[in-house]
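In the form predicted on its own, a lone chain appears below as structure tokens.
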């Protein structure tokens, strides 16, 4: 199947601001952001049973998605697919209404969903997940469209999946997958994504591009901190851990990360106190911590708050648009956490601790 890019601007290499429509798109985004669920909604949802939650979601901005998918899916599967479809349609709309440089930057940013979907399919094959489980987690918000991804998920083996992706930019990495080195391949895909994104941003000179770069580099710092905590908890060797971190962080350079990696867990935690992320994790980080859920949730909240603060600094730029996209993604994640938790009868407190509000 031929892959295509839905671009109003015919040239994907448009990097000048002359043809961009920042004022129009940011105005549209303000209206779209007003449709996000208020924070107090989550408390109400926690007091509902699964059927009530399903009805509630079907009466919100997800109504059209629920109605159109109701013929194919039921129950939790219906809500999962409706949430993913709504997210994909929403982000595709941003591409459709944007022009020039703005269109180019949004398109490059959304390629993280292509990588998410490729990872999801390969993980599904690796862990022998059912086809339904794989498709439930696909979010076609990038360049790879749902029909193509669905057909990709139906391939008999990971070899067939990779062969089908032979004409994409991801193939030079994917061809090295041997069925056992999935973490390595996933990490290389992440590095490729950020490398391409930084190439798109270029050397930031304008205020808005500097803020966009700052937002992405903060995101990398958050990812690296999460990775280091996970790997240290799992006892991963130092050399292997160094290969898993991403370059380009705002406050944590590779040199600084390489100095943190060999430290014992307690010393590693203490060394993080000098970074601005410490306030977000200080209540949860300890040498004897049993779970990383609270710590990772708090870091995600920090990332969302950072995007909000950046968007106020330069209101007519890509940053308010990124702020909306991050909050929209978080809303879908929160709803997914609630319905999945309710479906398997998780304790309400466990569900609440995973919500990013």
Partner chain sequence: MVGEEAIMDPAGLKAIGAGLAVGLTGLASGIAEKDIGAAAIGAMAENEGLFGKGLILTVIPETIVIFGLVVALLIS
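Worth saying up front: this structure is predicted, and the values here are computed from it rather than measured. Numbering follows the first chain given and starts at 1.
Beyond the structure shown, there is the form predicted in complex with the partner chain, which is absent from this document and is the topic of what follows.
Heavy atoms of residue 292 never reach within 4.5 Å of the partner chain in the predicted bound form, leaving it off the interface. For residue 35, a non-hydrogen atom is located within 4.5 Å of the partner chain in the predicted bound form, even though that partner is not displayed. In the predicted bound form, the partner chain sits within 4.5 Å of a heavy atom belonging to residue 27.
At least one heavy atom of residue 23 is located within 4.5 Å of the partner chain in the predicted bound form. Stretch 27-35 is the answer when you ask which of 304-312, 327-335, 284-292, 27-35 has residues with heavy atoms within 4.5 Å of the partner chain in the predicted bound form.
Proximity to the partner chain in the predicted bound form, defined as a heavy atom within 4.5 Å, holds among 175, 145, 155, 93 only for 93. Counting a residue when any of its non-hydrogen atoms is within 4.5 Å of the partner chain in the predicted bound form, there are no hits in 319-357.
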